[in-house]
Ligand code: HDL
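Only one chain comes next, encoded as structure tokens, the form predicted alone.
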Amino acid sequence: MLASTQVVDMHTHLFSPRFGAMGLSGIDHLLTYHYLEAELFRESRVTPEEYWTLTLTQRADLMWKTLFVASVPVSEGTRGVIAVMSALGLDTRAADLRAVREFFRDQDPRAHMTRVFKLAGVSQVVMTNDPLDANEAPFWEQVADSDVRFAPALRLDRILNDGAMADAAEVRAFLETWCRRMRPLYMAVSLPDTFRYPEDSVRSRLLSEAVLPVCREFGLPVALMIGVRRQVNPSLKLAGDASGRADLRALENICRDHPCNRFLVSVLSRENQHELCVLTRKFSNLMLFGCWWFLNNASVVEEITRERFEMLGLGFIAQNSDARVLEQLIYKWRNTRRTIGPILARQLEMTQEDGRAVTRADVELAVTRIFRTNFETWVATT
């Protein structure tokens, strides 16, 4: 049942074809994913400073030779590349990447995208869209996107974290304009482990006076992704971010103080997971989602998902891919099915052992709720 269910991937960094080169695809981008870059610097003598002077192709070649030819790909990130190559019929033991690059060059982009979605078992993905990104904003002046497989989400990081705008009235007008133009399913922001609410800060004021009122006006949830420690090692660039344990009293306060707002919440620290489950039980305007970033490893996903079933029943969103490269959908959702499927099966088995027969309809309901309909219901505006 889980293998055949078409999932909705409710948070990615992918882009629809209309965004052109902003949408990443192909072996060079798969290999230079920041998860792998962090691994490379532990396995190679190349320094970050030397690495960043290389072209994309040179960086990918270095990654392949270091992590796949001279070593055995056993980490979550390296196995992901192997899974993608295998699914596409490519040689996973190739000495070099010439034939692999030729394969990707020969693909019709739209046909290839359709194939990837089918292999991943994904019907729709939600993008991350930043109206303050100078490269992205011009695309929104074009005609509406006709590819319904890609839905927008309005990203707030530059506004709430980077000080791009400080006046609440200005931010509110800006968000109202972009909600009408973009028609996002939700707004979203990645927050540090030091996030507090309420507090005497621009971020707290903009949340209260601009973001949350606009979300109420347009019937949108806001996704809070809490626990990032930015640039612990700046020389690694995107790979230099880390995680930190957050004080979830901030989440408690914001859910309690704004009962008419809906919140999608994911936290990055393993140590915060139990408390997040408890808070989700206490606030009906909070929807827990995903095992994010450093948590997206099978051993941790198993622990977290089992706890969520035990405490929340079917009342959570099991996972999202966070994919940055199109083909990552294949391995990220394969891993999710492989990890979560047995956990759900065991929960249903115990229900049957405890005295209630589990039907095929029960299984279908459980699968579709945690991988589709919980999200679809949460973002519905009517």
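Values in this document were obtained by computation on a predicted structure and should not be read as measured data. Each residue number is its position in the shown sequence, starting from 1.
Another form exists, predicted together with ligand HDL; not displayed. Remarks below refer to it.
Contacting member of F41, Y35, F68, Y51, with respect to ligand HDL in the predicted bound form [4.5 Å, heavy atom]: Only one option qualifies, and that one is Y35.
Listed residue that, although ligand HDL is not shown, lies within 4.5 Å of it in the predicted bound form (heavy atoms), from R308, R262, R155, R203: Of R308, R262, R155, R203, the residue with a heavy atom within 4.5 Å of ligand HDL in the predicted bound form is R155.
Contact label in the predicted bound form: R324 to ligand HDL, heavy atom within 4.5 Å: Although ligand HDL is absent here, R324 would touch it in the predicted bound form, with heavy atoms inside 4.5 Å.
Contact of H13 with ligand HDL in the predicted bound form (heavy atom, 4.5 Å): Output for H13 is yes: heavy atoms within 4.5 Å of ligand HDL.
4.5 Å heavy atom contact, M225 and ligand HDL in the predicted bound form: Because a heavy atom of M225 falls inside 4.5 Å of ligand HDL in the predicted bound form, the answer is yes.
4.5 Å heavy atom contact, L238 to ligand HDL in the predicted bound form: Yes - in the predicted bound form, heavy atoms of L238 and ligand HDL come within 4.5 Å of each other.
Candidate stretches 244 to 252, 225 to 233, 107 to 115, 142 to 150 - the one whose heavy atoms come within 4.5 Å of ligand HDL in the predicted bound form: Result of the contact check: 225 to 233.
Stretch 161 to 192: residues contacting ligand HDL in the predicted bound form, 4.5 Å heavy atom cut-off: Stretch hits: a single one, S190.
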